[in-house]
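Okay, so here's just one chain, in structure tokens, the form predicted alone.
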């Protein structure tokens, strides 16, 4: 019997939301995993204590090599998730974002090519796409590229670096353009600092832990006037990462492919607020604010290629995404929640 195609893996950004979830999922499948994280934004305690963690910056050429040394110099796949991800911060610090996300990808790809790693999977972003897509309701992998932020530009260049390495070195690679990663899986909750994602912000606003949510624009050309985005469950994100690795392992040398990872369904800000209110049983206070520069009315994935080539069939159950995010938050706190007044308290 042939051995399974994925026995050892390295995950950069292992202390982050997606990274820690992927590590737990891989370990449940009996994959030997080594994590890499600078711990600038990630958390070491997101990983089980027996998961080896290389503390280092992926822009340094020897960081991936140190992780590879822990698996005998070779891994079946490397998942490159380490990145700076705050769009607003990228506007203030564009050079830093380009260095971390582009130079980091270059260093990881070079290390993989040198070690003859069969597969490299990059976490990219829908932020690489242009805001003006004409009358297209959903966006497939042929959609026009045109980042609106330094963060999006850094991911565009990271994709280019990866494709070039594949063509020049024979490294098989995949770039996954994530839309709005949501929910929770394997017990891992979002811990971004600062938090900018809508669902955890709406939950915390409902609990009175942060100021009222700000809704940027209520006059968009959408059914309820608020922006439409594509929220994809973390469970489907992890399934896409693993399927991408299997695709690259089986592909011919030098193969490179891009996939959009979303649910294929547009969900408005008001719909998210409604789901949080249903799940938590309390209102979400919010303030209607003017549109933000650079925002667009709708950003929804066409996931036909994801379904056809990777066999991943995302489901969009908004209430379940909110429920899973909420339950993971409670589990992370190691407690049961009771709501008193306008605040949430944790009973140990």
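Computed from a predicted structure; not experimentally measured. Positions refer to the first chain, counted from 1. What we label the rigid core is the largest C-alpha set whose atoms superpose within 1.5 Å from one form to the other.
Just so it is clear, the following notes concern the form predicted in complex with ligand UDP, a form of the same protein that is not shown.
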query: Touches ligand UDP in the predicted bound form: residue 98 (any heavy atom, 4.5 Å); finding: no
query: Touches ligand UDP in the predicted bound form: residue 255 (any heavy atom, 4.5 Å); finding: no
query: Contact test in the predicted bound form: residue 227 vs ligand UDP, heavy atoms, 4.5 Å; finding: yes
query: 4.5 angstroms heavy atom contact with ligand UDP in the predicted bound form for residue 197; finding: yes
query: 4.5 Å heavy atom contact with ligand UDP in the predicted bound form for all of 102, 153 and 175; finding: no
query: Segment that reaches ligand UDP in the predicted bound form - one of 49-57, 288-296, 33-41, 309-317, heavy atoms within 4.5 Å; finding: 288-296
query: Contact residue in the predicted bound form, chosen from 251, 215, 110, 91 - any heavy atom within 4.5 Å of ligand UDP; finding: 215
query: Residue (of 245, 275, 201, 238) lying close to ligand UDP in the predicted bound form, criterion heavy atoms within 4.5 Å; finding: 201
query: Stretch 54-87 - residues with a heavy atom within 4.5 Å of ligand UDP in the predicted bound form; finding: 87
query: Core-superposed comparison between the shown form and the other one, residue 132 Cα displacement 2 Å or beyond; finding: no
query: Cα displacement of residue 247 between the shown form and the other one reaching 2 Å, rigid core superposed; finding: no
query: Shift of residue 222 between the shown form and the other one at or above 2 Å (CA, core fit); finding: yes
